[in-house]
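Heads up, the chain below is alone and in the form predicted on its own; it's given as structure tokens.
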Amino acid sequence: MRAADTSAQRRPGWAAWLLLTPLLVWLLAFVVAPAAILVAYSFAERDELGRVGFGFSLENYGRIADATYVAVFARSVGYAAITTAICAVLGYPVAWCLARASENWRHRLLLLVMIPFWTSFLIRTYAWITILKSEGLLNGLLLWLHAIATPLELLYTPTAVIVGLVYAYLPFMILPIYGSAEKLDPALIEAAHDLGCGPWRTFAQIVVPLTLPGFYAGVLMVFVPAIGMFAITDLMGGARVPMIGNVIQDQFVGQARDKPFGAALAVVFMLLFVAVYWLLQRRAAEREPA
């Protein structure tokens, strides 16, 4: 009887649902409705003037199988995977140091991680353009040190795109891992050392498994947005290495003016996000103790 009473008390009442109303309205207006519009557009057709003619056609999805767009998707996934791997290699040690730092230093170091968000994304991107261009700061420093004889062509290359993506998304890898590492009980590490585990074995068998939820969240927050990024590839890649985000942008606001095809590409991109999320969730569930 008490269990039933406790269960009844835990059920959200009308007041709780009322508090959730703004969130539900926001989700319907800015998540569900735009996604439904994209799906509807993806089955539509484009007339000679670029207008959308609603009907039902799978032609837009068939066009995605073209070798050109398959190559763009593959390039986008490849760049995003490289970006995610670099962010993981750089971000994990930083997040671990943040979590193990003293209380005073922890807040200061976290502030350093958050400082880039205080300025505009475009300003930060243009700053990297200033650094990487032929007459930029990096080439000027290397020439001054006599490390190179002529300026390096760093800007408008795949390397510049990767640098821009890593810089933009590195904090999104650090913060989730930091959240998991900070909750890790130091007594577990001490117990592992007392039982004879060395530093590397403790890290591999204790620290890494217990911080995987934060790592998976970081992968999701870096990999998926990096696939669809188009501003960095335009500004730092010079539109020479287009990714799927650039193609979608061109279909809606560029010269292509083919919204149904752009919508089909966007729907495939959303399905890719769902697939990555499902794989990470399944991986996390497999590692949970029975």
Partner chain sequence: MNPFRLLALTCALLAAPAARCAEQLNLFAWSEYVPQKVIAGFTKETGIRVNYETYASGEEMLSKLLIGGAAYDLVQPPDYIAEAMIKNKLLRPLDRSKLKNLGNLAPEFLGLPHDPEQKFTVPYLTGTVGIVVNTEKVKEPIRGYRDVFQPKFKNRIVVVNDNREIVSWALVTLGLDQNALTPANLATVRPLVAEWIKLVKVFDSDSPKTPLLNGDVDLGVVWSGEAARLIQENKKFSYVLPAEGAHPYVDLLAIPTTAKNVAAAHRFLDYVLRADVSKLISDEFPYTNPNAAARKLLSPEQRANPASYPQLEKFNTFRDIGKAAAGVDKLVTDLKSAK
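All figures in this text were calculated on a predicted structure; none of them were measured in a lab. Residue numbers count along the first chain shown, from 1.
Absent from the display: the form predicted together with its partner chain. The rest refers to it.
Of the candidate stretches 208 to 216, 78 to 86, 180 to 188, 147 to 155, only 147 to 155 has residues with heavy atoms within 4.5 Å of its partner chain in the predicted complex. Although the partner is absent from this view, S57 stays clear of its partner chain in the predicted complex, with no non-hydrogen atom inside 4.5 angstroms. At the 4.5 Å threshold, heavy atoms of Y69 reach its partner chain in the predicted complex. Contact annotation: Q251 falls within 4.5 Å of its partner chain in the predicted complex, judged by heavy atom distances.
In the predicted complex, G62 stays away from its partner chain, with no heavy atom inside 4.5 Å. Contacts of stretch 253 to 282 with its partner chain in the predicted complex, defined by any heavy atom lying within 4.5 Å, are made by V253, G254, Q255, A256, R257, D258, K259, listed in sequence order.
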